[in-house]
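First, one chain by itself in C-alpha cells, the form predicted alone.
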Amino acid sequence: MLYRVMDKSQLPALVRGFMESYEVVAPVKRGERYVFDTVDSPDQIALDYPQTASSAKKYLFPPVEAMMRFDARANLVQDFVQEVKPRVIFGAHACDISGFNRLDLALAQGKYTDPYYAARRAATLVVGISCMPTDTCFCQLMGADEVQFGYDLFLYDIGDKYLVSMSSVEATNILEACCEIAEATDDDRRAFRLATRRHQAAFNPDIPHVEDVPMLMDVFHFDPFWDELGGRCLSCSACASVCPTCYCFDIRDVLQEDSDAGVRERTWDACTSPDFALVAGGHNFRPTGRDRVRHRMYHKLNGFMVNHDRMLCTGCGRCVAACKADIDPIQVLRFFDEKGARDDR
C-alpha cells in the first residue's frame, strides 16, 4: 500500500479526472439530509457529511433488479442482460467500505457467487474519505472504523491536505495524472496521528463496549428482553432499507397487462417482514415481532460471525435514526451491558 499527500485544492481535479471515464456517485445534500447520488460536477459533492440517510449499497445491489424475461405462450425464457456502468463511489466512509467488504463475503466470495453483484463490484472503484463519528456511530465496536482493503483510494483529512492511501493501479494512475502528489513529511505524519486520535476520542462514550457479543446472543436467546423489543417493532423494514449490509431478497414475476409475458425480478426483502419466513402450507417460522427482531440481531451480531469471522453490522448508526420504535443494535449492547453490571453486583 502506497501513501502520498495532495492539497485539498486539487480535489475537484481528481473528481473531474474520474468523470472522464466513470459515472461518479458521491454524497450530496438534499434538504436537511445527505444521500449518495450521481453527480456531474465536483461542486455538488459534500465530503463533510456526518452520515448519509442510506448507504451506497444500492449501486452494487439494486432494490429492484430484472433477472429474465419470459413469454408463456411462446415458451420463451431470455436472460436479462443489463448494462454495467463503470462507476466510482466517491467519498465513502470506512463503515460503508466495510459494508462492501462484508457483502463481498456473502455475494461474491462464497460458494455461490451472485453474478449480478459481482459484475457491478468489479466495475466499481471506491474512493474513501475519513470522517468524525456522530452520537449514533459505533463502528469502532464492530471493527469497521478502519479499512485496510476494499477501496482504490482513501483520503485522510489532515488539515489543508489529504494523506492518500493508494490501493489500485487504475485509481492511482488517475490520481497521478490529475493531481500533484508528494511524499509525506514528518509534519504530515504528525497531523495524521493527531487526526486519528481526534477521531477515536469523538465516539459516544454512552454506547457501551461489550465483550463477547456473539456468545451473549446465545446466552440470552430466550430472555424476556426480546419480547419487549420485538413487541415495539412496526415491521416497516426501514432498518433493512438503510442498512449497508442487508442482502436478503425476494423473487417475483411481474406480468405485462393482458399478457402471458413478463419479467422476473428480485427485490430487497427483510427478515422483519411478517411474511419473510412464511412457507408453503401457511406455516410461518417467525410469526411474532419477537422472533423476527431477535433473528435480525442474531444474524447481525452472531450468525454472520460464525461463517465469516466478523459481524454483519458495521455500526454506521443509520438504523438508529431510521427506526421509529427505538430498536437497534445499540439497545442490544446496552441490554448486555446492564446484564453484566447486575451480575457483577
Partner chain sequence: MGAFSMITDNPRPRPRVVVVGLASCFGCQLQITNSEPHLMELLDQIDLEYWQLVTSEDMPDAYDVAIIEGSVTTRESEDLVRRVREKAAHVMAIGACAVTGGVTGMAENALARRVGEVYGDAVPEACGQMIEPRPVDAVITVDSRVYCCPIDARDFATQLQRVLFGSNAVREERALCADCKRNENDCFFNQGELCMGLVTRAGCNARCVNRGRPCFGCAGLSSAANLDSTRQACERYGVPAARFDKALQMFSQVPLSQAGRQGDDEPVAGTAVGKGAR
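Every value quoted in this text rests on a predicted model; they were computed, and no experiment measured them. Numbering follows the first chain given and starts at 1.
Beyond what is shown, the protein has a form predicted together with the partner chain; the following relates to that form.
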| query | finding |
| --- | --- |
| Option touching the partner chain, based on a heavy atom within 4.5 Å in the model of the complex, out of Ala202, Val169, Ala119, Ala72 | Ala72 |
| Position in contact with the partner chain when the complex is considered in the model of the complex, options Asp160, Asp212, Asp260, Glu176, heavy atoms within 4.5 Å | Asp260 |
| Exercise: Phe36 in contact with the partner chain in the model of the complex, heavy atom 4.5 Å | yes |
| 4.5 Å heavy atom contact, Lys324 and the partner chain in the model of the complex | yes |
| is_contact(Cys233, the partner chain) in the model of the complex, heavy atom dist at most 4.5 Å | yes |
| Asp275 within 4.5 Å of the partner chain in the model of the complex, heavy atoms | yes |
| Segment that reaches the partner chain in the model of the complex - one of 40-48, 307-315, 294-302, 27-35, heavy atoms within 4.5 Å | 27-35 |
| Triple contact flag Lys58, Pro63 and Thr267 to the partner chain in the model of the complex, non-hydrogen atom at 4.5 angstroms | yes |
| Sequence-ordered residues of 237-257 touching the partner chain in the model of the complex, heavy atom within 4.5 Å | Ser237, Ala238, Ser241, Val242, Val254, Leu255, Gln256, Glu257 |
